[in-house]
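In the form predicted alone, a lone chain appears below as structure tokens.
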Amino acid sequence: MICPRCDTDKVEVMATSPVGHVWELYLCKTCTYSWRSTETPNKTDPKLYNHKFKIKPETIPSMLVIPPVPPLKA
């Protein structure tokens, strides 16, 4: 399986529906994008995923992980 956001093959099943095997939850180990098997194709298919939101795996290490928290107001 290919991640729709970063196009890598490091995708794992994170969870499955507890009743009836209705859905699966996937997680990309490269970019941490997650999605259910019941999502629309524009969220699950790498070819249909919005190009504006694609991530290149090589840029991930230089991205900010946590936004800075502003100082408390007095």
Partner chain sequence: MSEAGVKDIQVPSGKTGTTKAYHDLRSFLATLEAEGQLVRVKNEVDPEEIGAAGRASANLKNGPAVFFEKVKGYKNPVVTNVHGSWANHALMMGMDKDTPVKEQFLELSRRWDLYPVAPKRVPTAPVNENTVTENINIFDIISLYRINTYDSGCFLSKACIVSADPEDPTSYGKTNLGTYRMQVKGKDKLGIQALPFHDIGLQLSKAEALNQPVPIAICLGCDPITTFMASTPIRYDQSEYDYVGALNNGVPMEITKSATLGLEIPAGCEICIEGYIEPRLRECEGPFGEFPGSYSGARLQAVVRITAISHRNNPVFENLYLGIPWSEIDYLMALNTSVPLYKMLKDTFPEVQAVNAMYTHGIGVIVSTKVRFGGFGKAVAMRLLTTPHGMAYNKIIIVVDEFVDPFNLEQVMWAMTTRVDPDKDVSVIKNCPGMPLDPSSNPPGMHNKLIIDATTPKAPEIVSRETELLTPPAGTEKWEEIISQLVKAARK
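Because the structure is predicted, anything quoted here is derived from the model rather than measured. Residue numbers count along the first chain shown, from 1.
Note that the form predicted in complex with the partner chain isn't included here; everything after this is about it.
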Even though the partner isn't displayed, in the predicted complex is L25 close enough to the partner chain, meaning a heavy atom within 4.5 Å? yes
Is I55 part of the interface with the partner chain in the predicted complex - any heavy atom within 4.5 Å? yes
So which residues in 1-34, when you check the partner chain in the predicted complex, have a heavy atom no farther than 4.5 Å from it? R5, M14, A15, S17, P18, V19, V22, W23, L25, L27, C31, T32, Y33, S34
Closer or farther apart in the predicted complex, the C-alpha atoms of T40 and V65, for a change of 3 Å or more? farther
Quick one: with a 3 Å or larger change, is the V69 to P61 CA distance smaller or larger in the predicted complex? Answer closer or farther. closer
